[in-house]
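The data below hold one chain only, encoded as structure tokens and taken in the form predicted on its own.
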């Protein structure tokens, strides 16, 4: 690898940061149940402490996404969370409202036919906006579980219109430097239709709501044959790509470790971003976020594995020779063009990444260094005892 390529990769790594999710450090599971881990975080202090470990051993995970109902106590000022995050060397990242958990949302939140329920959901969004301002967060990230399970159950066009109306007050409440990120999902928890089912619906809705609204791409929220990098390319070209939730899947929204199933797809997504940066002369500022449910993997180790994988795939994508690629594309030399991507993907990027870590006094092996620290065993011992004191049962509930 040439000195110029190494320099390009190091510059890309200097710009790369990825946000960890608070909920990724707690006990999580499936609709059938969950398997508890002694070292899993119990409260927000634990979550931030664990996220601090990920950042300390990688050097590029300085922010943590927070879930309003899971991480903030009622009436708790955001400044308290900011101070707690700073204690662990972190900043608050995206604020995530919760519009799917309460029983009143059985038939929807922002799209509910009951105006009182819609108003309650809208107020929750405004509370989330206030928390975003208090914590210095630039992002309010919305995933909506609204939809229906059976044909004829609901008026889809009415729901589309009312959704835009209920989101506009949130848009008006945000500062000029803040954004709404609209996530989409083709199915689940409803299985006939979801109100924001794909990137096109999210795009159109964002346009209706206002200029502070953009599209969030969750890599698990697509059908199996979807060309996600094409979606990314279109959103980049229209300047509507607001951010990512990275994970991987084998079947549907599995929330598996990023890159564990299809690392080449993740590479291709990153490549579209680098290619756009090369063509425009400016690498876009995109919030990269992890959104995973580590059902049986150790929480912090899984997050370290994810972050390192993302960094290495991002570095590989930066190594693509875009001058050569553009030359081959213009001449329809498809094999040569494809080889530009294949060479970068299969290249041994480890020495370059290790040198970058060495220059910044970071552990060369973040996962190995974390294991040697003994943090997980200490946390498991302390949290197991604390669960017993709190009366938390094996089901995760209070006795």
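As the structure is a computational prediction, the values presented were derived from the model and not from experiment. Positions refer to the first chain, counted from 1.
Same protein, other form: the form predicted together with alpha-D-psicofuranose (PSV), not shown, and the subject of what follows.
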alpha-D-psicofuranose (PSV) contact in the predicted complex: residue 72, any heavy atom under 4.5 Å: no
Partner contact for residue 218 in the predicted complex: alpha-D-psicofuranose (PSV), 4.5 angstroms, heavy atom: yes
In the predicted complex, does residue 23 have a heavy atom within 4.5 Å of alpha-D-psicofuranose (PSV)? yes
Even though alpha-D-psicofuranose (PSV) is not shown here, does residue 213 get within 4.5 Å of it in the predicted complex, heavy atoms only? no
Please state whether every one of the three residues 229, 262 and 309 places a non-hydrogen atom within 4.5 angstroms of alpha-D-psicofuranose (PSV) in the predicted complex. no
Give me the residue from 107, 143, 276, 267 that has a heavy atom within 4.5 Å of alpha-D-psicofuranose (PSV) in the predicted complex. 143
With the partner omitted here, the residue among 301, 253, 127, 272 that in the predicted complex has a heavy atom within 4.5 Å of alpha-D-psicofuranose (PSV) is 253
Here the chain appears without its partner; judged in the predicted complex, the stretch of 62-70, 342-350, 362-370, 37-45 with heavy atoms within 4.5 Å of alpha-D-psicofuranose (PSV) is 62-70
Sequence-ordered list of residues in 75-99 near alpha-D-psicofuranose (PSV) in the predicted complex, where near means a heavy atom within 4.5 Å: 96
